[in-house]
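The form predicted alone is given below as one chain in structure tokens.
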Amino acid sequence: MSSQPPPRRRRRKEARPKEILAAALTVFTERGFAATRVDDVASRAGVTKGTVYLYFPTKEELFKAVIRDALFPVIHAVEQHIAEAAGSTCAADLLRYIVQVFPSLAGTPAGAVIKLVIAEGGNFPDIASFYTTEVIRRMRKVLAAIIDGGVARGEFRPVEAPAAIMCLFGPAALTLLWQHSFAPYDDTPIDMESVCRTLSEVFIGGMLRRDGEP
């Protein structure tokens, strides 16, 4: 069997989907989903519009692929960490770990995609539905298992997981959106790590069952 690398043309063809996704993320971030044309993405990627459609049949499918490319590796890493640590780490520390993922997203493709979905999702139900199913529900399942497990073991007070998830991660998502949209114009910088650390101390600390509580 030959160990020679594939021909340059084949390597170039195999790299095209990633190149198109990178160009699409840049253009979507600059112009928003509604204002972006497939022609704009093709021009940025250095390919024809037909080439874009060869891999992504519609602009909506292209945006969904951008979401997968940017966020699925992050979600997978969180799921893997939780699965490996669940037997030896308390529920509070598992939640603190997930909260601290948010600062790492600022300035990354994942952070840009979250901002885009928040900004555009209300006007594009298909995208909002896709994001809810593929991202929100997937993360909610992980978080609910942590919270319900903490309640069952007596580590947390009896709280309802869906409400706790919204209270905990709504502010984190809002802070991430702030970093992308308003921080460049604000004369009072907000440190994402400090926000998430405070959120952990206040909210997760408030969920902990105190000694002597029934």
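What you see is a predicted model; the values in this text were computed from it and never measured. Residue positions are given as counts along the sequence shown, with the first one as 1.
The same protein also has a form predicted in complex with another copy of the chain, omitted here; what follows describes it.
- Residue in contact with another copy of the chain in the model of the complex (any heavy atom within 4.5 Å), chosen from Ala145, Val159, Ala42, Ala65: Val159.
- For the options Ala91, Leu105, Leu71, Val117, the one in contact with another copy of the chain in the model of the complex, meaning a heavy atom within 4.5 Å, is Val117.
- For Asn123, a non-hydrogen atom is located within 4.5 Å of another copy of the chain in the model of the complex, even though that partner is not displayed.
- Contact check for Phe182: a heavy atom falls within 4.5 Å of another copy of the chain in the model of the complex.
- Contact annotation: Phe169 falls within 4.5 Å of another copy of the chain in the model of the complex, judged by heavy atom distances.
- Shown alone here, Val99 lies farther than 4.5 Å from another copy of the chain in the model of the complex, counting heavy atoms only.
- Between 43-51, 57-65, 173-181, 146-154, the stretch whose residues reach within 4.5 angstroms of another copy of the chain in the model of the complex through a non-hydrogen atom is 173-181.
- For the stretch 175-209, the set of residues having any non-hydrogen atom within 4.5 angstroms of another copy of the chain in the model of the complex comprises Thr175, Leu177, Trp178, His180, Ser181, Phe182, Tyr185, Asp186, Asp187, Thr188, Ile190, Ser194, Val195, Arg197, Thr198, Leu199, Glu201, Val202, Phe203, Gly205, Gly206, Met207, in sequence order.
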